[in-house]
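What follows is a single chain, given as structure tokens, in the form predicted alone.
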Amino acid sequence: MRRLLGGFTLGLGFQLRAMVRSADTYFALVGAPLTTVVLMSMMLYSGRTDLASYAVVAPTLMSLWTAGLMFAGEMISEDRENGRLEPLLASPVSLPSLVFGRLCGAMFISLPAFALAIVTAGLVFGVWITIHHPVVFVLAVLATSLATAATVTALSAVFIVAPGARIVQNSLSMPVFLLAGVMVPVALFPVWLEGASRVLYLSWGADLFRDALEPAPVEAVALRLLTMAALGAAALAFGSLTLVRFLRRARAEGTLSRV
């Protein structure tokens, strides 16, 4: 446990310091205001101002997933190129927990996307969103961020073990956005498609985000949070096993430093 916690803390701190020094890490936030303008325009044009909160939640979740994909695809590959991987592996920490900690740190950069979306909706369209259930909202933010970090940890492992899989990295955004219902609730999907969507933690997070912004009481909060936690834990377990397998094979074949 101490080894796991040490790796997580090391990775989290390293990633936060690295992001502060790099302007590239803020690119994930650029799309949030622009996406908000597009979605809010659609809502207002259709006369559905009651769905304004949907146009604020969607850019937030899209920025979260985009940031996760960006870091998952490049993190360990850059470590190998820059000669950081061997010293990290020589340290008494767990690589899976280190990667998970770094990706948790990467999630911090996307959290301001919600504030940018709210400010954009208010300043440009005069529609200010109220968080009616702040406690539920904070819990939804934490659960969704952790589940995202866990899921992209698994993707990071797949990108390493199968480098050809990185070709589809840029293709994973829009299908996930649509299937997870970041804009249109999955409850409105056909039954067969809704079942598939519920496998994605992001669909649970999107619903919880939207409900936290509505005045009506939020139902089954604990169950929905536990579901996201379970899906994230399953993804993290898969990613950890894959990373360990990669290390064993790389050490056996002497290909640890090969890009």
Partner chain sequence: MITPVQAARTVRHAAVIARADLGVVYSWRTWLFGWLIRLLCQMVFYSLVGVLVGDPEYTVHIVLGAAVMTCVAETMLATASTCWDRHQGTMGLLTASPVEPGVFYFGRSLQWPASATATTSIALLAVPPFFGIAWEWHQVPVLVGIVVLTCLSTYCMTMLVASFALVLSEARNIISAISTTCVIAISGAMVPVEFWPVPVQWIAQALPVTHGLAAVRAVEAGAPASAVLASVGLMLLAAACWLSLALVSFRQVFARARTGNGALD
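Numbering follows the first chain given and starts at 1. Note that the structure is predicted; figures quoted are calculated from it, not measured.
Missing here is the form predicted in complex with the partner chain; even so, the following discussion is about that form.
Engineer: Should Gly73 be counted as a contact of the partner chain in the model of the complex, where contact means heavy atoms within 4.5 Å?
Structural biologist: Contact check for Gly73: no, nothing within 4.5 Å of the partner chain in the model of the complex.
Engineer: Contact between Phe125 and the partner chain in the model of the complex at 4.5 Å, heavy atoms?
Structural biologist: Phe125 belongs to the contact set for the partner chain.
Engineer: Taking any heavy atom pair closer than or equal to 4.5 Å as contact, tell me whether Val30 reaches the partner chain in the model of the complex.
Structural biologist: Residue-level check for Val30: yes, a contact with the partner chain.
Engineer: Would Tyr45 show up as a contact with the partner chain in the model of the complex if we use heavy atoms at 4.5 Å?
Structural biologist: Judged by the heavy-atom cut-off of 4.5 Å, Tyr45 is in contact with the partner chain in the model of the complex.
Engineer: Between the options Leu116, Ala150, Val182, Ala143, which residue brings a heavy atom to within 4.5 Å of the partner chain in the model of the complex?
Structural biologist: Exactly one listed residue reaches within 4.5 Å, namely Val182.
Engineer: Have a look at Leu34, Leu223, Ala233, Ala196 for me and say which one sits with a heavy atom within 4.5 Å of the partner chain in the model of the complex.
Structural biologist: So the residue touching the partner chain in the model of the complex, by this definition, is Leu34.
Engineer: Out of 151-159, 173-181, 105-113, 133-141, where are the residues with a heavy atom within 4.5 Å of the partner chain in the model of the complex?
Structural biologist: Only one stretch qualifies here: 173-181.
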